[in-house]
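Below you will find one chain, with nothing else, as structure tokens; this is the form predicted alone, and questions on how it binds or moves follow later.
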Amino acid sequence: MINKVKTAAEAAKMIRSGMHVGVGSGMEMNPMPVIREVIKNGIKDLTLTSVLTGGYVVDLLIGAGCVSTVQFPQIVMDELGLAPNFRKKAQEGKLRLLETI
């Protein structure tokens, strides 16, 4: 049987620039260690689909310059309000936005 357990660094190495990646929802159950490794690896030009709503990790990836396109119904920081990096990049026209419901 193949061992499918990976460290955060090993999982992040599977993500390459230009890929389409899905990430968890809202502010809970996000793969933060993997996201940190993706940012450290200098990954760029990701198309990101947030599963339900995008939260902290989506905003971090956008702020780190890893994302060129985002597919989303909503990206917020729940009770903390709007996602600042998403809002800034969207207002500056630096993200391709694919809004879904």
Partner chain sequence: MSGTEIHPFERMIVIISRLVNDGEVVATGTLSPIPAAGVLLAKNRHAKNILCMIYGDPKLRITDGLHEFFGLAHRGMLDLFFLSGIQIDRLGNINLSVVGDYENPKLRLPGGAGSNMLGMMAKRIILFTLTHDTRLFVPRVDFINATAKDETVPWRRGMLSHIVTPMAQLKYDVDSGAVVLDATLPGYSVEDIRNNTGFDLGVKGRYIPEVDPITEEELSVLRGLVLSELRQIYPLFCDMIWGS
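Just so it is clear, the structure is predicted and the values come from calculations on it, not from any experiment. Positions refer to the first chain, counted from 1.
Keep in mind that the form predicted in complex with the partner chain is missing from the display, and what follows is about it.
- With the partner omitted from this view, the residue of Val34, Ile43, Ile75, Leu60 that lies near the partner chain in the model of the complex is Ile75 [heavy atom within 4.5 Å].
- Contact check for Leu52: a heavy atom falls within 4.5 Å of the partner chain in the model of the complex.
- Taking the partner from elsewhere, Leu82 is found to have a heavy atom lying within 4.5 Å of the partner chain in the model of the complex.
- Under a 4.5 angstroms non-hydrogen atom cutoff, the partner chain in the model of the complex lacks Ala8 among its neighbouring residues.
- The closest heavy atom approach of Arg87 to the partner chain in the model of the complex falls within 4.5 Å.
- Heavy atoms of every residue among Gln91, Leu97 and Thr100 are located within 4.5 Å of the partner chain in the model of the complex.
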